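One chain follows as structure tokens, the form predicted alone.
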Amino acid sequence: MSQNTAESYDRDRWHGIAADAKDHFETRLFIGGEYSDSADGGRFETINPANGEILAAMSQAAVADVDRAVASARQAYRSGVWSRMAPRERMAVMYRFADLVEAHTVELAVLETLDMGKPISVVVSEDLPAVVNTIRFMAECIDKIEGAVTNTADDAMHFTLRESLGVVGAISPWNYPLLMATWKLAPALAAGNTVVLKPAEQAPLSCLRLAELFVEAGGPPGVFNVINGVGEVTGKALALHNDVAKISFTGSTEVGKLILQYAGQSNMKRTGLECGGKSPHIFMADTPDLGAAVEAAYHGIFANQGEVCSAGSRLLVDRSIYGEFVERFVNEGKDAYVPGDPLDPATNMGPLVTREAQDRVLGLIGRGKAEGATLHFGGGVPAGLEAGAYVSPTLFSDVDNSMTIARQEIFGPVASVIPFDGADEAIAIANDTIYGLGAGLWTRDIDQAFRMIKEIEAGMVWVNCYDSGDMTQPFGGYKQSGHARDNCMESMKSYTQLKSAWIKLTTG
């Protein structure tokens, strides 16, 4: 089913598809190319955040199931059915995998929307095309990995080559269930590794189907496994496993620190961490197009319900344009995102992923009010949507960078406008955070832009745009935002290890 066809569906059509899907949810673990129940029969529930209904009782992987999944992946790796497959043959499997994901757009989109509340129109037009693009890009990289021959004396030859690591454990988040999982598994698989994926327990349904499609594409059994479960049990066991060569994690900074501990407590496995953010979005006095800048500002924080690690949640605005900026944001941003039924293509904002997430965001909004920030709109639950985990788009101004809403990652649709005077203060405020994922900057001054790019402590800086880029752009941060780099050729290389060979030659 093509993307164009899916984009033509109306609300009734999507609700009909969703009703049919509910009778066919796969809830088991996917290990060795087959579905199976957990060893102890444990279960956990996944909830539709739009209405609070239980979608399914998922198999909960116990430690024994993690061992079984890792053993399956290790056996598949050592057998060479994937790791020693000819690069062009592995590439062909990956391309077929991408084609199958694209062909199952409708099925995967419904699973994603039901499970985590993301608007169906966004899944169809943005997330799934990005999933397909990621798989195809990494497939293209497979035969582009090169070693090197160094210049040595005549009696020796030295060369380097890159080899796969082995079993990769991947722990993916719930805000982009398919895309974030693919950012991990596509480069890992392309490099010749085998994968054990633990999707977020809040949204596991679509990743199970993804693994099945990989096998349908010709991926050997055991190469890509999926184990459902909560982080404290399943994720911890995977991160501690001595047969896992690397653990790749996207999620909170708090859990990222635990992953580092588990790696050290076990086999010193490699880690790839992409964690939290509190990204500054900076608007200088010479912002070239204030209308475009304000539009980028509200998209940068309200898109995906604000559940984005790189969201531009701190809007740093030069005092000379501060009043006009806030006025424009109120007038244009207040109704730009309207919460509603995520299965309605007209909806552009769904619920937060859980009631717990909703309570946390509402609590932080309360802190913002109590600490003296000015609330312009939002701040509560949209009328008529009380059955779901919704939070209205929210704007605060007169925020000081010492306030809780300026320091904590809210992970919801809450924007905080902070005034500054000049570039030096903007840089100081931008860097006054434990995070360093992304930053946005609007200015006409190219000299100022280059200076600020260098001085802002962030892994990504967007100038006169926000959260733009393609697969050539490394995605990742500084400081406690983690150290991984997703997308790009470097991402694939991070799932390899460098080997050096020195050959002593017999000279005549």
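Computed from a prediction, not measured in an experiment: that's the story for all the values here. Residues carry their position along the shown sequence, with the first being 1.
The protein also exists as the form predicted in complex with ligand NAD; that form is not presented, and the subsequent description refers to it.
Comparing 100-108, 313-321, 244-252, 385-393 against ligand NAD in the predicted bound form, the single stretch with non-hydrogen atoms within 4.5 angstroms of it is 244-252. Against ligand NAD in the predicted bound form, the set K118, D341 and Y466 makes no contact: no member has a heavy atom within 4.5 Å. With the partner omitted from this view, the residue of M94, L437, A73, L128 that lies near ligand NAD in the predicted bound form is L437 [heavy atom within 4.5 Å]. Distance criterion of 4.5 Å from any heavy atom to ligand NAD in the predicted bound form singles out C309 from the list C309, V223, L210, M349. Contact between V417 and ligand NAD in the predicted bound form is not found at the 4.5 Å heavy atom cutoff. Although the partner is absent from this view, F137 stays clear of ligand NAD in the predicted bound form, with no non-hydrogen atom inside 4.5 angstroms. Residue contact check for Y478: none of its heavy atoms lie within 4.5 Å of ligand NAD in the predicted bound form. Contact annotation: A200 falls within 4.5 Å of ligand NAD in the predicted bound form, judged by heavy atom distances. Taking ligand NAD as it sits in the predicted bound form, the stretch 248-282 comes within 4.5 angstroms of it through a non-hydrogen atom at F249, T250, G251, S252, V255, L258, I259, Y262, E274, C275, G276, G277.
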